[in-house]
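Below sits a lone chain in structure tokens, taken as the form predicted on its own.
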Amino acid sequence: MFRLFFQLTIISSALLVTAGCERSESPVFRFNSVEWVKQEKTHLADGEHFSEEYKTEIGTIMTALFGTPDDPKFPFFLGDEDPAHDIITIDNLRMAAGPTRVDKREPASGLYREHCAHCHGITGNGAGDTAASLEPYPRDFRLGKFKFKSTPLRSPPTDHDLTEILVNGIPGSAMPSFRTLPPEQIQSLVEYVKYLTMRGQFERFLLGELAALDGEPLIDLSLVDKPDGEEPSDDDIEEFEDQMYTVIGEGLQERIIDRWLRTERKVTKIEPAPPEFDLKHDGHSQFVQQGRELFFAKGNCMQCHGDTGVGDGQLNNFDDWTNDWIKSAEVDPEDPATYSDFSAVGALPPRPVKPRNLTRHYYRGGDHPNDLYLRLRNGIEGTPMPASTAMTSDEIWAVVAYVRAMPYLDSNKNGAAKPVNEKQVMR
């Protein structure tokens, strides 16, 4: 059974944390008030609210396990032998955390705040200072979903997936390339993103538990928060730790950390492309035509991307980061009055997802044929783009061939496509 080493100094400092309130000038992780409101609207009657004491309890647990933006921690349940060291290292967290360094001659630190926080926010909630003005909004890591990865839906990305995003950026968005950063700094940011994600996932788990508590505490703080400087007894500390184990065992260890430990085993195998995919092959045009037929029929791609692939199909879908709270009772994304309580606690206004314009020859998840194969095979996590489970590998490659040819095709009156310039198509 895993064991977590709680120090009384950590517990005492955690008791000072309340619902994202700042007790000093140092940045704090913002409480997930949008999830709090969602849980109230979902589980309580109109006008009812959860006890504010739960915010203190959740803040206590989160700070004890994950620390603060200036002093990050990670719950290594098995000490030095914990396999979680393979996905998170304290040295890399400290390199990425903390204030932006002023003297560039000093060892690297504060990388996340320097490069990422203005968009993604200190908490990784996608609500940084510039977020509201960006299209699409920056990623909120707390949902634990990543769009562009080599693993299937509901599986975390690999380190390589996150590195590719940092190195290449995301074309057509505000996410830039950080390829000029040294590899060790890239890795520190990769691990910090995972840290913020797991922290946010666990906070969401705790908030999801509120409805079942029926007024009982998540943990009994009175076991360690004694009056007049009284020290807790060994029995009190043991009971407190037992309660913490109960709370974090399933919610953090099994549901979150263990899943991140299995990412490499979940990578989708990319089946070899058939000979017809070779752009120099005589049968390429027929293969593109097969891809076009699949685009309109079996793949049903035109439903969102439109008949000509310019992204003018289904235009009223939302991504999971928005659906997560607008699907709460009586929330209409077309009527700001119905979600004013969410806006009041920091939710950004809902924006429908814009399907990709496939005629522009850039793709946010990468333009290599393998990247497009993975987008079709796995779908795009958190968006209406589904996994193509009904198509064979050869059929997926045919659609990839058609999509890659789209920027160089010209639609005629009956909707068929023909090359504008055969040499362009062969590029």
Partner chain sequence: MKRVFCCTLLFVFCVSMSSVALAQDGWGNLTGQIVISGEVPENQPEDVKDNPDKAVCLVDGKIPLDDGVVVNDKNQLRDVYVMMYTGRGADTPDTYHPSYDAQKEVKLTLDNVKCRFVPKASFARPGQTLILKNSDNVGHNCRIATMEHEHNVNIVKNAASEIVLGEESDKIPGEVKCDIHQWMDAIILIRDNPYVSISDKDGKFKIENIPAGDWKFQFWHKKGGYLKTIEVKGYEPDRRGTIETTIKSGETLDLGTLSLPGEALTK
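Computed from a predicted structure; not experimentally measured. For the two forms, the rigid core is made up of the largest set of C-alpha atoms that agree within 1.5 Å on superposition. Positions refer to the first chain, counted from 1.
As for the form predicted together with its partner chain, it is not shown, yet the points below apply to it.
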> Is Lys41 close enough to touch its partner chain in the predicted complex, meaning at least one heavy atom pair within 4.5 Å?
Replying inline: yes
>> Just checking whether Gly366 would be counted as a contact of its partner chain in the predicted complex - the rule being heavy atoms within 4.5 angstroms.
In response: no
> Hey, in the predicted complex, is Arg139 touching its partner chain, heavy atoms inside 4.5 Å?
Replying inline: no
> Is there any non-hydrogen atom of Asp312 lying within 4.5 Å of its partner chain in the predicted complex?
Replying inline: no
> Each of Ser51, Asp91 and Arg113 near its partner chain in the predicted complex, meaning some heavy atom within 4.5 Å?
Replying inline: no
> in the predicted complex, which of the stretches 269-277, 150-158, 175-183, 188-196 has residues with heavy atoms within 4.5 Å of its partner chain?
Replying inline: 150-158
> Exactly one of Leu261, Ala297, Leu134, Val167 has a non-hydrogen atom within 4.5 Å of its partner chain in the predicted complex; which residue is it?
Replying inline: Ala297
> Along 215-243, which positions have a non-hydrogen atom within 4.5 Å of its partner chain in the predicted complex?
Replying inline: Glu216, Leu218, Asp242, Gln243
>> When the rigid core is used for the superposition, does Leu223 move between the shown form and the other one (threshold: C-alpha shift of 2 Å or more)?
In response: yes
> Which is it in the predicted complex for the CA atoms of Glu238 and Ala212, closer or farther than here, knowing they shift by 3 Å or more?
Replying inline: closer
> Closer or farther: the CA pair Glu238/Gly59 in the predicted complex, versus this form, with a change of 3 Å or more?
Replying inline: farther
